[in-house]
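A lone chain, given as structure tokens: the form predicted alone.
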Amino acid sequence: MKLALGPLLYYWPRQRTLDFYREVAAAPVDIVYLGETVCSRRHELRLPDWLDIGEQLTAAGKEVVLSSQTLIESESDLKTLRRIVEQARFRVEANDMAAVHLLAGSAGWVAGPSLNVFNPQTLALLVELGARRFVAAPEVSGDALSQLLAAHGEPLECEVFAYGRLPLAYSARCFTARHFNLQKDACEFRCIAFEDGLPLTTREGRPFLTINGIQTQSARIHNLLADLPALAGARVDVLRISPQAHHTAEIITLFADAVAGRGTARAAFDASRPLMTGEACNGFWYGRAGLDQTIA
């Protein structure tokens, strides 16, 4: 199985982001997804910057994929999307149907997780339009994924979200701005103060969700390190690791060692616990509530 680093979901300062991807260049990851997928108001880096980072990562031997924005809300968003699709250097991950429409007929693009593919008919349509890699929605269980791929029948690269806060939902409203009683268009870019999102707790003080601008994430960290044997038997080709503010390179190394057989999956999972920003969960993979931890 290959390892992929998903797009950066948080808003970090420019220099910190550049430093992060310099570190990624030396990490044992095969594929790196780049670009802003959450909010078009985040302008520390723009498309030319992502293209420059892509060139540096390509020189380091990585496959680079440009990820499109998940929620397109304006003509400005469409203009950026068109520029992403029209560049010929890197593959594109389509994260909404506007991107699919623009990519239709070109071969080799990636069907992103927010396209919410749950049946073989939808998967077949995306493949007919040119998709050559399919990223399963995080809610899809291992059994459901195996059935989906078996029903599709044709060879297709399959990628699974294997580590990180689960991206659960997107909204036209910015929840981070609302938290500070600000309008979305005058948000003061408050997201930049929360390197791993803004924790949301219940009245009892228990972790509940994570707010990340217009994106709602899980409070727990989806971690399939202990479940690598099951993933290997489910026709999974690529494991996606979502960036976090600290220890991303160490997490990647644990996955790489476990995939290569340099230690057991359970030992790798145990080693990842102190590197995580929350409690672990893997319930979705087993068809249970996402916040469940069903094995370890």
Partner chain sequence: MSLELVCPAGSLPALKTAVDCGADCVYVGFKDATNARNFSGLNFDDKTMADGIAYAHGRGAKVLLALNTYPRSDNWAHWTRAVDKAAERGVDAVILADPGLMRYAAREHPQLRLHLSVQGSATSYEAINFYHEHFGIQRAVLPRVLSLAQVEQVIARTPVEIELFGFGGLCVMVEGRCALSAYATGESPNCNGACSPGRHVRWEQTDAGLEARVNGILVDRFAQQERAGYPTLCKGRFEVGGETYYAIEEPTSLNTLELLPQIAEMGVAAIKIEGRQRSPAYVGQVTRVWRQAIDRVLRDAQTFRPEAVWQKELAKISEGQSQTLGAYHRPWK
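Residue numbers count along the first chain shown, from 1. In this text the structure is predicted, and so the values were computed from the model without any measurement.
This next part talks about the form predicted in complex with its partner chain, which is not shown.
- When you look in the predicted bound form, the only residue of 100, 158, 226, 92 with a non-hydrogen atom within 4.5 Å of its partner chain is 100.
- Shown without its partner, this chain lists 86, 75, 154, 188 as candidates; in the predicted bound form, only 75 has a non-hydrogen atom within 4.5 angstroms of its partner chain.
- Shown here without its partner, the chain carries 56, 230 and 240, none of which come within 4.5 Å of its partner chain in the predicted bound form through any heavy atom.
- Mapping the unseen interface onto this chain, residue 11 falls outside it, with no heavy atom inside 4.5 Å of its partner chain in the predicted bound form.
- Using a 4.5 Å cutoff between non-hydrogen atoms, residue 70 counts as a contact of its partner chain in the predicted bound form.
- Using a 4.5 angstroms threshold between heavy atoms, residue 284 counts as touching its partner chain in the predicted bound form.
- Contact annotation for residue 193: none of its heavy atoms lies within 4.5 Å of its partner chain in the predicted bound form.
- Along 191-208, these residues reach a heavy atom to within 4.5 Å of its partner chain in the predicted bound form: 198, 199, 200, 201, 202, 203, 204, 206, 208.
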